[in-house]
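One protein chain, two forms: both are listed below as structure tokens, the first as structure 1 and the second as structure 2.
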Structure 1
Amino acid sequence: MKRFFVFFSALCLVLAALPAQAVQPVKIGMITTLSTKAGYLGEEIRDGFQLAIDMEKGRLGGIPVQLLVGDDGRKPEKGRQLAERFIKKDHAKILTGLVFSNVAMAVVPMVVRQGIFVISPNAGPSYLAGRGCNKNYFNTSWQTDNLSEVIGQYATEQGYKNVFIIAPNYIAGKDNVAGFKRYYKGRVAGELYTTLGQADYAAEIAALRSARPDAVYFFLPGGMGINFLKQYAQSGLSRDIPLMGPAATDERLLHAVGAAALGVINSSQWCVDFHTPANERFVAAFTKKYGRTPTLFASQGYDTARLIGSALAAVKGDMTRTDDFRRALEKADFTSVRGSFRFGPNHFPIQDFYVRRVMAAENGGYTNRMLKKVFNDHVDAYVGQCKM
């Protein structure tokens, strides 16, 4: 009887341990913004990320993964709570999803010190690229200033001498304007800082008209951009004074703005009409699964998942091999949908940047088409401050 009991206990142990070792998936905590007006950004990132998992039937890099998604509501304290829950309760070793810089600043410095990896698909504040860089923090999108630097360079190349600037009066607004001015060599016709979340831009548009600029640089993310573009088109100025902005007209926004966005110049590291096999596969699968055209944010979510997959494959899903996992991430051994992709010493991408122009699409809607490449292997401005 006693022997039977020992045997039985052993059998139980083995049975209990077996599934735990064989199919325990790697947990990935996604802290992203799904509510508030900006919630579509998180939705795009999550859908792009999930698509990469689904295309591998629940795996990334051949390793089973479990994606845990939490909504930070754009609030730093909520982001912290989610991070604690994913790390303490779910024992996740990888966090991702961060959309906004203010949430990233609350979460990233706290968790990377605990040896947790953060792979940001969007938020790239200057502090984390420079003085606050960390060996466990990676960014797969861009440093916040980058997309505005592209517009600055484009304006210089176009020979614009007199550009009007409009941006909301908050940190990212100031950072973007600084990025624009870093590469724009002409004169500033006027500079307006609006209230965050402002709806009516009639006063600003009238001031802009009287300044008679060659072109307008605008950084008005989300609903603010929709308001501005609609009102700008009605003012009749869009015929004479071109608009340019960083990632200003993603496909979701275009749906709401329609013809009022025609001709708007915007910068991106990716465009839906890139003819690479990896991108065509992504765009086709995304459109089939979700019934809409992916935005650059969706492409960032997808690339982030594929990057994590490449590193998981390198350590065979063993997240205790942190140094190997980090080295594998640094190699960035995956085919990005944007083409060339590698990490700089501060773990931010070194990549090409493009400007796109809003055109009418074949199916009757509006979409972005590649106009020209502006930067080759562009490096952010803060890399020199990073001591890792």
Structure 2
Amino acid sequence: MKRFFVFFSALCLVLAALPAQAVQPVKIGMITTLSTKAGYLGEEIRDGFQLAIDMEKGRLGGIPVQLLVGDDGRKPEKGRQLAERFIKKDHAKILTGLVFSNVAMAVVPMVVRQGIFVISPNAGPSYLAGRGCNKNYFNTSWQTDNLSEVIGQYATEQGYKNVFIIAPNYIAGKDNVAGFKRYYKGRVAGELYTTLGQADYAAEIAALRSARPDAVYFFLPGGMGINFLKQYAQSGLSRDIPLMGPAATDERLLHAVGAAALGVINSSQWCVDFHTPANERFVAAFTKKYGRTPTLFASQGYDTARLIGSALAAVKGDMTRTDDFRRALEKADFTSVRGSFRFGPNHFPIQDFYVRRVMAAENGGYTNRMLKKVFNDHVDAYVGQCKM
């Protein structure tokens, strides 16, 4: 009996000395756009998100995570396939990465009904902010109309009486135009909807030349904006008719377009020249890791990861505690690189918005510089339609 007791005590000491079993990482499925000419938008979101993980050495909020990334190719059906794979095969409880609203509308309603959380770092269509809101859907960027509401308010303040509108014919295009019109008080000189992914804008430029507007509002994300800006400058119209657009000239686009983007007014909730400790740390870390200046899309990916980390910490990585995880997301207990950040009752941000102007950078190239704040604690127009 004595020998057994000695043996048992020694065994306990040996077991106690062994390392604890590794905690299984929380799997996060990222459905984003990495191909097509808009693919750099997804790259920026992915890289910003991954940076937050790397800065915590593979963790978010102190909890080990595994990021699974899939390219939706800007196609709704591919987005649905990726969502099903991440949920059924990989057992991911959190999905993120959505760039385009057409993909979001194909993915989000299907996913949230299964009790899976979707935290969008970009796509924020009006339906999901209003009648289609859901307790498991969060957006960390803006409701799609918001950035164009900023441009509409700015155009009104500048006294533009006659603005021409160009946008692609899909959900986000129509939401953005609605946002612009909500705050623009002048006359619409013309209104054209292009195809999604269009490359040639000769017909649109000819039409706006004929209309002779005071200014042009354009929403053409990714490669569409690159082509439009180059063709607009080549037409000679940029000397006489100013351009304005929501998030129209991110740093990756500026690198591709160059001087053709000089002077373009664009809206954002973030700028690289925000002088806050959180933003300066983010910009320095991103630039060091990737060798380029981050865009607002990278900042949104980073903030999304930090938000998820705050909620994972609150539940100690236990994703069976869904109600606690949701409440932790709603608290948004993290320091955003954009400054003030909180969620409205529809899980969309309430935040400040700014206009920026494209200027030559001191070290060469071109960059966005803050021009002015347009809205304080801005709330989206659809929150009253949300019944959660």
Partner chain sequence: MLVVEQILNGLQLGVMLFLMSAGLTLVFGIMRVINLAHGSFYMIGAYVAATVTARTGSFLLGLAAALPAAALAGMVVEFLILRRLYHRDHLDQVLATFGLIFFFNELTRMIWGRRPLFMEAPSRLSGSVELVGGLQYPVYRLAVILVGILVALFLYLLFSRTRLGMRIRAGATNREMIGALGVNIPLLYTLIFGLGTLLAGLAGVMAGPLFAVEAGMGDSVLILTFVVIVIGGIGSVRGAFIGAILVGLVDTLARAFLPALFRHLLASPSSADRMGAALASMSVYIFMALVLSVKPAGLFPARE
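Predicted model, so just to flag it, every value in this text is computed and none were measured. Just so we're on the same page, residue numbers count up from 1 along structure 1's sequence. Each form is matched to the other, and the largest set of C-alpha atoms that superpose within 1.5 Å is called the rigid core.
Structure 2, rather than structure 1, originates from the form predicted alone. With the core held fixed, R182 shows a CA shift below 2 Å between the two structures.
When the rigid core is held fixed, the Cα atom of P168 travels 2 angstroms or more between the two structures. H255 shows a C-alpha shift below 2 Å between the two structures [criterion: core-superposed Cα displacement of 2 Å]. Note on A211: its Cα is shifted 2.7 Å between the two structures, core used for superposition.
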